[in-house]
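Next up, structure tokens for two forms of one chain, structure 1 and then structure 2.
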Structure 1
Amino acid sequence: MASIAASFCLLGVLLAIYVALFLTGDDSPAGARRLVTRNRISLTQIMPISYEAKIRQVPGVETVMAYQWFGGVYKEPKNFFARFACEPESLFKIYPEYRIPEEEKRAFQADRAGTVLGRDLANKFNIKTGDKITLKGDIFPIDLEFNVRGLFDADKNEEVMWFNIDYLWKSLPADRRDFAGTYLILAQSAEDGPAIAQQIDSLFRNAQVQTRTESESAFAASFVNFLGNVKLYLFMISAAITFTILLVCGNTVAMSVRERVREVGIMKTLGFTNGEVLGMILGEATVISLLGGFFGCVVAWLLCRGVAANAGGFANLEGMTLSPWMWVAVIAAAVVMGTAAAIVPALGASRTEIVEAMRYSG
């Protein structure tokens, strides 16, 4: 049972990772309306700030904001979290789900060196409104000091820091200013999204810097592609686990049957039929697999909670969980594979003649 639980625990975690990375997006009304425009070549390549005004004129665009990943180090390299430069006047229009006191919002917008943090992030590092924090640059060769002007609450992805992109520009040499790594766009409706993406990319098709526009959820999932063909890796690992589970279940049941051949002979002597013996052995394998699958799901659920709590907003992993349908799928797979693996040894045991069973010495 422990072997089966360990195997299906890993299978459950892999399933949860796959769903979080490739099937889960921001299902909020605003999330469905958000689009991201980046350099067509690579996310690491910047775009001119002049693109913002042109994107704003595309029909169906409600608002647009330039933003840039800053990176940097907060105290120690292990303290990783998302750090974005943005346009403060547009931030809360594009993310209306951010809940923040009005006075803190105004203080952030009025202070070029101001920053706002998700409450989970602030609690994690014991940061309070009014504190000063410093990021040591790595991508950009500058160190920036910020005034914490507010903390916001959100239903998800609170481990993020936003600050004024103008502060970043003014801290860089003149020839490295006025750029954007990405543009975040809020469409007037979710239905307008595909048409807007197509129009934006067509607008810059003949420009020196071409663009790629996609939904926010697709953009988040694209980060996973930087790690390689993750879907293939997950499939190969899952296939190996499934094969291992079949071997574990089959070997366990086969050993159990071999140890009790004489018991099978005694049962047949007492009147048990081949079908009844077969049913008992398969039933035992099914129950063991069922319990193993259940306990494996329990451990997988705990592991998923741990990953979600420390994901730092990476690629939707903060929403990683073992949902009810995953519990059903994993436990059902455990029952099916456990029972299937037991069929051959169970059939062999049920067909054993009484004389042969009584002669068996183990």
Structure 2
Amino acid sequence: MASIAASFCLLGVLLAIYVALFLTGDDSPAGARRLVTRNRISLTQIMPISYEAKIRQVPGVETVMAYQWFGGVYKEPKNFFARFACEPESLFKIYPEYRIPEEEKRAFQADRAGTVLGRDLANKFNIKTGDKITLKGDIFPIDLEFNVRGLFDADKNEEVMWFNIDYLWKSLPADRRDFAGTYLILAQSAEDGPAIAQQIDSLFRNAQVQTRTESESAFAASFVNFLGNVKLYLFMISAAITFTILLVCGNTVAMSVRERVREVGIMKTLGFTNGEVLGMILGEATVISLLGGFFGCVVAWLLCRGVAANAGGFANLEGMTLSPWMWVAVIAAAVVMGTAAAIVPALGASRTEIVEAMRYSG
């Protein structure tokens, strides 16, 4: 049963990864309204800050904010978390789900060197409001010291640090200022999103720096594509696992039946018919598969929790979980595969002649 549980655990984890990467978006009302504009060529290429004002003019845009991935190192390279430069006045409009005391919000907006952190992140590194923290630059050749002005709570992905983009610009040489890696846009309604994205990209179609605008969840998913054709990999691995599970189930049941040929003979001697023996073996295989599927799901759920807790905001993985329908799907697959794999050995065993079965010494 352990081998069956391990196989279905893998299947469950893959399913959860697929759903987290490709089928999960930010389902908060504001999340559905958020769009991201980036350089059409690559995320690593910047855009002029002048684009912000033009994007703001697009009908349906409620708020727009320039933001920039800073990278850097906090104490040690292993302390990885998301660090973004942003426009403090717009941050809480675009992320209304961030819950922060009003005085901390104002303190952050008033202090150019101020920063706000998600509470999970602060707890992880034992950072408190009023502390000073330093990020050593790697993408940017500067070290920045920040005053922690507040901690915010959110429903998910609290492992983020936000600071003032003006602080970043002012710390850089004059010829490297006034740019943005990305623009975060809040549309007036989720339905307007596709049209706004199209209009923004049309706006810069003939410009030197062209843009690509997409929903925030699609933007997050695009990070996964840096790893290659992940969908295909996941599909291929899932197919291989499914095939392996069939072999494992078949082998497990076949072994269990082989070990019990004599027992089958005894049952038939006592008056059990071929059909009853067949039903018994199939029933047993189904129960074993059911339990294997269930325990596989339990382990997969624990693994998903582990991954989600350590995802650091990468590509929706913080929302990775084994939802109820996945439990049902994996356990149902376990039952179907276990029963299917048992049919041939069960038929063989049930049809074994009593005298042959009784001669079998196992």
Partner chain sequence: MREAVIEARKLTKIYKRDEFEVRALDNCDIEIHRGEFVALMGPSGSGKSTLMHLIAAMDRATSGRIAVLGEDLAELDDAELARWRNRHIGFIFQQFNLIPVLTALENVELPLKLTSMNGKERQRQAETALKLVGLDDRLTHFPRQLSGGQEQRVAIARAIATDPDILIADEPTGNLDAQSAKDVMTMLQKLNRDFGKTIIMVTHDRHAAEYATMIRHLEKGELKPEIEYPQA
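For clarity, a rigid core is taken as the largest C-alpha set superposing within 1.5 Å between two forms. All of these numbers come straight from a predicted model, not from anything done at the bench. Every residue number counts along structure 1's sequence, beginning with 1.
The form predicted together with its partner chain corresponds to structure 2; structure 1 is the other form.
When the rigid core is held fixed, the Cα atom of I354 travels 2 angstroms or more between structures 1 and 2.
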